[in-house]
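Take a look at this single chain in structure tokens; it is the form predicted on its own.
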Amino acid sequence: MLRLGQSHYDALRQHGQETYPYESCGVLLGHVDEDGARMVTSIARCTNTRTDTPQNRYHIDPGELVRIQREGRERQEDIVGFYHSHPDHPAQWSETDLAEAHWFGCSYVITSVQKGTPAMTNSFELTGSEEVAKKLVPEEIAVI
């Protein structure tokens, strides 16, 4: 399960609206609760550095990701997930999303942005322990 506040939920959906018709992307920071749920305490917007197909792919610069991780640790936060948008496509992971997901045990949140308006938002947990056996499994989002 992924838990996040209404303001974080609204912010990641708004980010998708602002970047439309291109994909937005960002990092979810927080901690894992005793019950195994990932609790988001902050989000970090990232720049989609994809230049060839930003309308249906995203890329987070590794340097930006390291900076976000370091700043999060200073606040006692870990990376618990990532988010991105799907302009004019469903809030469902693609084969590319699965191939490019590497943070096991993290949430991958996808917001469908239809004609510039955020629609459905879904989350998937990356399960498995190695690349050949990884899966993106639907998970509940609890907006608190």
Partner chain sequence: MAKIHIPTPLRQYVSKQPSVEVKGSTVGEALHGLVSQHPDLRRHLYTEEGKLRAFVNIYLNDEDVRYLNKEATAVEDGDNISIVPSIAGGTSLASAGG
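Numbering follows the first chain given and starts at 1. Fair warning: this is a prediction, and the values are worked out from it, not measured in the lab.
The form predicted together with its partner chain is left out here; the points below concern that form.
Colleague: Does the 4.5 Å heavy atom contact test between R57 and its partner chain in the model of the complex come out positive?
Modeller: So R57 counts as contacting its partner chain.
Colleague: Could you confirm whether R75 comes within 4.5 Å of its partner chain in the model of the complex, counting heavy atoms only?
Modeller: Contact check for R75: no, nothing within 4.5 Å of its partner chain in the model of the complex.
Colleague: Can you tell me whether D61 touches its partner chain? I mean in the model of the complex, with a 4.5 angstroms heavy atom cut-off.
Modeller: Heavy-atom contact with its partner chain at 4.5 Å: present for D61.
Colleague: Should M39 be classed as touching its partner chain in the model of the complex when contacts are defined as heavy atoms within 4.5 Å?
Modeller: No - in the model of the complex, heavy atoms of M39 and its partner chain never come within 4.5 Å of each other.
Colleague: Its partner chain is absent from this chain, but in the model of the complex, do Y22, A44 and T51 each have a non-hydrogen atom within 4.5 Å of it?
Modeller: Answer is no for this spot.
Colleague: Listed by sequence position, which residues of 58-90 have a non-hydrogen atom within 4.5 angstroms of its partner chain in the model of the complex?
Modeller: Counting only heavy atoms within 4.5 Å of its partner chain in the model of the complex, the contacting residues of 58-90 are Y58, H59, I60, D61, P62, G63, L65, V66, Q69, R70, R73, D78, I79, F82, H84, H86, H89.
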